[in-house]
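Starting off, we have a lone chain in the form predicted alone, written out as structure tokens.
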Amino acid sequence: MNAFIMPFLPELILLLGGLVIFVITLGDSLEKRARTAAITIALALLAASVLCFGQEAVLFDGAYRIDAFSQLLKLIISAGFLAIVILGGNLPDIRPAIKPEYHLFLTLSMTGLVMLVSCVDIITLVIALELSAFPLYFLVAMRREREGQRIQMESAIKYIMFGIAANGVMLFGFSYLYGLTGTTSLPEMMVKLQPVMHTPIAIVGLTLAFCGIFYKLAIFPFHFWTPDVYQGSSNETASLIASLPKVGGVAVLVRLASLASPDNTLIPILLSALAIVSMFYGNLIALAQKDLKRLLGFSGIAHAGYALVGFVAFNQAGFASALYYITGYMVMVIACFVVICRVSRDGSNVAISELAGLHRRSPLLALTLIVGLFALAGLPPFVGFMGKLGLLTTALARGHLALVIIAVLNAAIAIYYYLRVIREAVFGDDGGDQTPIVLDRSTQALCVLLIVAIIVLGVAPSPIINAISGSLAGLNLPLPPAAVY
């Protein structure tokens, strides 16, 4: 029994935690208790991910694989989950009566994400994708209504409609792959696809299967929901949507991309085209934005394009670079959202002009914002620079010179609008409003940890890159039968 429980401990903690919060939601005025439970679950999840690191097993007749790859990503996701819960604070833009339900849906979404990285079967993969996505639809709609404004409802509807469309296309692609191979198991599918991978139906099936993941990553043309959902949802919900699902999306994309043969030329061309369009679209439209969350939304589209550059290489180094980059992006964007959540007085959206004089009102928040935006811009010595360098190096090694040049050009465009935000925070005229922003100890600790993580991941990237590369070595390969439960 212990051999089964230990590998599955993070999932069990989330499932049990979801049940506890569900019981809390049955009472009245228990928002503080629900928040305490959410923090406890996040801490327990992080501890369990560390404790179970290195465990291996194949569960549910081979449909669910716990290995170095999934355990490493669970550790990353659990750290991000804890940061999101701390960042949420008292959820000022969520009505007190539904705050327990907010924490319940947040925990359920995390359960889906944690399960997602271990799924090696199409059926379990789709179930985990939906479990991680459906609670987010509710979280977007839970934002407190303002007089004459119900933008959160419009955003939730857009989010759901695009999600349904993308999932439908993805399932259609999976049906092609199943028809070709006669199996829903990804390891078996990888073996059976190799002889027919160059046929049109295999390429079309795999491309359509990518679409559900492109939606999670906000890759063009599945990006239209992104800026509206960021702007319409509460600051805390937007911070979640902008960070953790992208880590899960890249993890699944790695598993699906490994199904294609490395010498296939058509799929890399397709991914290159999507990366280029995503980078240009996101960066150019971000130049005109005045709302900070909307700017980060368009910026996220561009960064998803950067992540695709690693997949164009179609080798282990490229996949590792993409995973390293999206891990760094998670830390960078959470740092920016910490600032948004604390600058906003009542949970309302933050315009770039509202950051004026931030260095006087809260030096720590200003420093967090500067480090986060410098990292997103790809400046050394932060993680964004090393992430982009790794992506471009792997793409260049495979001969994609034009793609590398275009990515560098887009990075230069992005520097302009990031520096515009920093200029406002440091040199902007605050109109005499120098009211200090008081930070609680948990927020102070979170800011310091995020700054340290952004710098350390950039200065010393080898440990995390080596860990990711090592975890990819046995990707989609079955474990010995003795490990199956």
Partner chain sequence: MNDLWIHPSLILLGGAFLLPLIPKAFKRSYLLAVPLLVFADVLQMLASPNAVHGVVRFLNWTLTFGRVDSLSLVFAVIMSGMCFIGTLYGQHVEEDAQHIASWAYVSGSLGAIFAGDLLTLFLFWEVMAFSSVFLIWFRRTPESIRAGFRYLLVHVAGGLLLLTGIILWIHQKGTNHISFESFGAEAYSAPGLFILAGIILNAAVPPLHAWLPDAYPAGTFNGSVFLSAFTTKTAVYALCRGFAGMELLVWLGTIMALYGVIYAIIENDIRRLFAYHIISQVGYMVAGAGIGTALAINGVCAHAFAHILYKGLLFMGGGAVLHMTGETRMSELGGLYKKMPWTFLLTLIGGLSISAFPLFSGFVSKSMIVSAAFAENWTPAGFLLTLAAIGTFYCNGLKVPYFVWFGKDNCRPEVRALAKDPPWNMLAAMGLAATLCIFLGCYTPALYRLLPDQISASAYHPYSAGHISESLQVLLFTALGFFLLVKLRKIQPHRGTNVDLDWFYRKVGTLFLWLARKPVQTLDNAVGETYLAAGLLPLMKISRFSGIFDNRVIDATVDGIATTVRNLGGRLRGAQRGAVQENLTVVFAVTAVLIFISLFVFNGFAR
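These figures come from a predicted structure and were not determined experimentally. Positions refer to the first chain, counted from 1.
One more form of this protein, predicted together with its partner chain, exists but is not displayed; see below.
Student: Does the trio V204, A288 and F298 actually contact its partner chain in the model of the complex, every residue with a heavy atom within 4.5 Å?
Tutor: Judged in the model of the complex, V204, A288 and F298 all sit within 4.5 Å of its partner chain.
Student: Does its partner chain get within 4.5 angstroms of any non-hydrogen atom of I405 in the model of the complex?
Tutor: Looking in the model of the complex, residue contacts with its partner chain include I405, since a heavy atom lies within 4.5 Å.
Student: Classify L379 as contacting or not contacting its partner chain in the model of the complex by the rule of any non-hydrogen atom within 4.5 angstroms, answering yes or no.
Tutor: Output for L379 is yes: heavy atoms within 4.5 Å of its partner chain.
Student: Going by a heavy atom distance of 4.5 Å, is L266 a contact of its partner chain in the model of the complex?
Tutor: Although its partner chain is absent here, L266 would touch it in the model of the complex, with heavy atoms inside 4.5 Å.
Student: Does at least one non-hydrogen atom of L270 fall within 4.5 angstroms of its partner chain in the model of the complex?
Tutor: The answer is yes: L270 has a heavy atom within 4.5 Å of its partner chain.
Student: Among the candidate residues I98, V350, V191, I157, which is the single one with a non-hydrogen atom no more than 4.5 Å from its partner chain in the model of the complex?
Tutor: Here the answer is residue option I157.
Student: From the list I39, V50, L449, L419, which entry has a heavy atom within 4.5 Å of its partner chain in the model of the complex?
Tutor: Selected option: L419.
Student: Which of 337-345, 250-258, 206-214, 234-242 has heavy atoms within 4.5 Å of its partner chain in the model of the complex?
Tutor: Result of the contact check: 206-214.
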